[in-house]
Ligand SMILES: Cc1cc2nc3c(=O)[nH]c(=O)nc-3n(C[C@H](O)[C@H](O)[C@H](O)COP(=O)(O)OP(=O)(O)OC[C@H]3O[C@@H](n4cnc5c(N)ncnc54)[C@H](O)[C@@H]3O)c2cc1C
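This document opens with one chain alone, in structure tokens, the form predicted on its own.
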Amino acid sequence: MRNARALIIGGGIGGLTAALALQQKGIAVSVYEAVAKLGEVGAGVTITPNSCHVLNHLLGEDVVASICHVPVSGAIKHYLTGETLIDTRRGDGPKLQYGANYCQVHRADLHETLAAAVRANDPDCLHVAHRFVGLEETATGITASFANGATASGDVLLGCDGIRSAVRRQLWGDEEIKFTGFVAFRGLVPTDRLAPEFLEPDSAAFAGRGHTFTRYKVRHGELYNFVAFTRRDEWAAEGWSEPGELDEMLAEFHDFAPEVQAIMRAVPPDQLYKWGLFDRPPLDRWTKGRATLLGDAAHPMTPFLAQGAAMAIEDGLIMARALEAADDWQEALERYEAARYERGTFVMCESHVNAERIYKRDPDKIDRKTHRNAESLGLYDYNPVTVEI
């Protein structure tokens, strides 16, 4: 269905991946983003082999290598002693086993790279300051309307607008967005602020009692990205990137190893954020008429399998492949949902299971037999470039 026009609501990583994939299939696409300036806040993103296949396919391996850091060494450590419990050394192992790297990237770098590639194909593709407010479907197409009075029409509409998706609300009505009880402090630390003994291994997760601290390198080792997870009874803030307070974080993780304390104390004040994790119930289906959902709008992920960005990236390419393969829009959306619903919902649910497993575990009894992650679930074996749709 190469003569189709797709409307994408949401200019995040999932929306831009879908846009670039559609462009490369020769399908016309326009992206509409609510904010006035396209961009992402500073944070790290893990790109596992299943999603790295997509980025290599769309951007080229050289471009991906230029923005991503491949961790040579890694470990799961005891929160109190800093002792290595599990060696998670990767290096070129994932590429040899799965055909693509396990790597980490600054979210803004990935977002900017995708946006630049989309603009290179069509300078007029991206539209900012367009807050989606409604849609109308006819026998010949679908029209989106925006708060600024603009409208846009196409053959299909893809809601890529995150966990608080306005497209999802338009299709399925109001739903409860539930606080999960998890809060994350996250920040970026210049590595030159840290003593050499705190720079190895490349990535590490410190397993505590009801707390976890994860840190890894981005921008080829210039920065450390860290995320520190804990529990809260409630969360009132609407944003996902509230400014964080250093004293609060230090008090919460006061008994963690000296390495963790050093990284926390080195974070610049304007690079510390606090993030409440929210959830929505699984949908029975993602598609209604000519509209469907991608990424967190369809299957909001908690970060406990490091698959949120990966699933959105997978969705984007599969959507483009489905439109290319189909004779009409109905077939395209059916192919897309048939290929993605089971996997997306499974990973969404398993991320919650892993969260509870992590926060109930005894750090004194962790070993490779009890450790569970996306790889042990077989998620890395999936290649969106070649999987049947």
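All figures in this text were calculated on a predicted structure; none of them were measured in a lab. Just count from 1 along the sequence shown to find any residue number.
From this point on, the text means the form predicted together with this ligand, which you will not see here.
- With respect to this ligand in the predicted complex, the three residues Val54, Gly316 and Tyr336 uniformly fall beyond 4.5 angstroms at the level of their nearest heavy atom.
- Remark: of stretches 135 to 143, 296 to 304, 198 to 206, 76 to 84, the one touching this ligand in the predicted complex is 296 to 304 (heavy atom within 4.5 Å).
- With the partner removed from view, the residue among Val64, Ala322, Leu58, Val45 that has a non-hydrogen atom within 4.5 Å of this ligand in the predicted complex turns out to be Val45.
- Shown alone here, Pro94 lies farther than 4.5 Å from this ligand in the predicted complex, counting heavy atoms only.
- In the predicted complex, Leu157 stays away from this ligand, with no heavy atom inside 4.5 Å.
- In the predicted complex, this ligand sits within 4.5 Å of a heavy atom belonging to Gly308.
- In the predicted complex, this ligand sits within 4.5 Å of a heavy atom of Arg186.
- Contact residues in stretch 126 to 154 (any heavy atom within 4.5 Å of this ligand, taken in the predicted complex) are His130, Arg131, Phe132.
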